[in-house]
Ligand SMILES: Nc1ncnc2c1ncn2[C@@H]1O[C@H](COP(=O)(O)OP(=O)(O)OP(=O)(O)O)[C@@H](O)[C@H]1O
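To begin, one chain is listed below as structure tokens, in the form predicted alone.
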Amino acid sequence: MLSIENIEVVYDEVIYAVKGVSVKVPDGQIVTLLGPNGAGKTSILRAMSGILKSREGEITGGNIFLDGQSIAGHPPEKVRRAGIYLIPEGGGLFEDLTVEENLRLGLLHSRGDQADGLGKAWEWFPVLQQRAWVRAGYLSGGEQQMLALARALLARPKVLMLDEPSLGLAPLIVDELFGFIRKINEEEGISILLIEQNARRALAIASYGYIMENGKIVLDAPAGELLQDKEVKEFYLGFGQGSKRRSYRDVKHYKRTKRWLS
């Protein structure tokens, strides 16, 4: 299990981005972390992946555990060896390298048997095999996200963290992508922590969800309950009174019920 306990994250010694957040990702489950831009979601992923220092940030409180062992403050390579792999927003690909070269980097970081080579990647995404010698920067947005996923999976992670995987993709590609995320969770048993602006799609494949605002968790519950929650429907799924579509970005002032208050 991946467990984040009362984490605090500060940038430049003065900017508190995360204020005492606790999140649990049980083995073999998909957990989603939702909220508006600037809520602190990406800072949590940076803290878990060990890249905070490169962003002028640090963990100033709390701890992070993987299978009972603390990994807070560990460098990125040690975190990867422990089994946590982050796909950042945009995929984090080496755009000047080919599809195959990017995938081989995943094999270099593999925690398991490399005997299958790239066969698994071609099996997961046949289109990548057809474009094996194309530079990653020339792929479509959907193909780049497939490549990022395939490279991560070749590293055999225990926990896969995804930061906005659907960003900028067409709806049909998003459907395919989320279907694959669910598939690898079910078939490979990989735990997944998913950050996503598309709350409806994220909650549809997750078992549990957390909602962040201003660096704090303001609501958490099983995904099915969040999908039916009145405030979540109005401010995160885009439905106001009378099922009229609304966007939480358009709402400047609103009053939460007591359970939303922190």
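Residue positions are given as counts along the sequence shown, with the first one as 1. Predicted, not measured: the structure shown is a model, and the values here were computed from it.
The same protein also has a form predicted together with the ligand, omitted here; what follows describes it.
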With the cut-off set at 4.5 Å between non-hydrogen atoms, does G40 touch the ligand in the predicted complex? yes
Taking heavy atoms and a 4.5 Å cut-off, does A17 contact the ligand in the predicted complex? yes
Please check if E101 has a heavy atom lying within 4.5 Å of any heavy atom of the ligand in the predicted complex. no
I'd like to know whether R201 contacts the ligand in the predicted complex, with contact meaning heavy atoms within 4.5 angstroms. no
Here the chain appears without its partner; judged in the predicted complex, the stretch of 201 to 209, 225 to 233, 60 to 68, 30 to 38 with heavy atoms within 4.5 Å of the ligand is 30 to 38
Does any residue in 142 to 168 get within 4.5 Å of the ligand in the predicted complex, counting heavy atoms only, and if so which ones? E164
